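Presented as structure tokens, the chain that follows is alone, the form predicted alone.
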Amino acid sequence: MRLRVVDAGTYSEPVQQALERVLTDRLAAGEMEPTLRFWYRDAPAVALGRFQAYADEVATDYVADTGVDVVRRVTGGGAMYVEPGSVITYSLYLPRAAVDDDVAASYASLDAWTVDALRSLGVDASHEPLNDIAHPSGKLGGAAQLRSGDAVLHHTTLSYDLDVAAMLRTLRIGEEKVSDKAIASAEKRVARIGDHTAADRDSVIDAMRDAAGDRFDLVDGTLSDDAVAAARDLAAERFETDAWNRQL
């Protein structure tokens, strides 16, 4: 299958999450070709699962004091703390006919090229059902999906060198101070790519593109100005609002 690759553009978390809705809808409407997009963020944020309760997942006082954006995704799953340069996030926008109807099987197949790329760099990565990419030392990342009309959105976030202490301060309610014990415990559950390979983050992304090229017919592309403008408008209307993010 021919797959356009978008590997540029830095946006806020609300705009990134709005792009997910805009691009999925455009693919479903036949207005966009199948696409692989790598994300680049401009600030730390929390991507909240579609059905999660805001106050149950984040340290509300801490995010208010530090200005960390907490933005509700269009997909389900758990809350993820993300930082510019410290995580790798990508999205696949695919026609439903190209994706396995079995959800569990689709997670494995749509992240298989990422596992291949990590293993090529010496990282002992594997798919762990339902939707994780794992290392023997812990979870490297997780995926989520939205099936909307004739389109499937599949997006995955991986930790390259995520600040575990910052993650705990952001996601743990009431933890003003994070103990060494808490950090050590979290590090046993959260694996970081950079701890298991000498490759820098850009080189990991390059390896991922190479691995994707073994499975898809890749062609470089860009997001249209119109799509970005539509995402900025939708971010202002929805993804930057408490009504959406806090479900008020």
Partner chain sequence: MPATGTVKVPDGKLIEVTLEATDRIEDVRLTGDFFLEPPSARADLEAAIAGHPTDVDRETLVEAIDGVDARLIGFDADHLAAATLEAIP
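Everything quoted here is computed from the prediction, not taken from an experiment. Numbering follows the first chain given and starts at 1.
Keep in mind that the form predicted together with the partner chain is missing from the display, and what follows is about it.
Next on the checklist: Contact with the partner chain in the predicted complex for Tyr107, defined as at least one heavy atom pair within 4.5 Å: yes or no?
Outcome noted: It does: once the partner chain is placed as it appears in the predicted complex, Tyr107 has a heavy atom within 4.5 Å of it.
Checklist entry - According to a 4.5 angstroms non-hydrogen atom cut-off, is Arg50 in contact with the partner chain in the predicted complex? => result Contact check for Arg50: yes, within 4.5 Å of the partner chain in the predicted complex.
Item to check | Touches the partner chain in the predicted complex: Asp101 (any heavy atom, 4.5 Å) | outcome: Heavy-atom contact with the partner chain at 4.5 Å: present for Asp101.
Checklist entry - Is there a heavy atom of Leu146 lying 4.5 Å or less from a heavy atom of the partner chain in the predicted complex? => result Because a heavy atom of Leu146 falls inside 4.5 Å of the partner chain in the predicted complex, the answer is yes.
Next on the checklist: Give me the residue from Thr114, Thr157, Asn131, Thr170 that has a heavy atom within 4.5 Å of the partner chain in the predicted complex.
Outcome noted: Contact with the partner chain in the predicted complex is made by Asn131 alone.
Next on the checklist: Within 4.5 Å, heavy atoms only, which of Gly78, Gly85, Gly122, Pro136 is in contact with the partner chain in the predicted complex?
Outcome noted: Looking at Gly78, Gly85, Gly122, Pro136 one by one, just Gly78 meets the 4.5 Å heavy-atom criterion.
Checklist entry - Using a 4.5 Å heavy atom cut-off, which stretch among 191-199, 50-58, 24-32, 216-224 contacts the partner chain in the predicted complex? => result This holds for exactly one stretch, 50-58.
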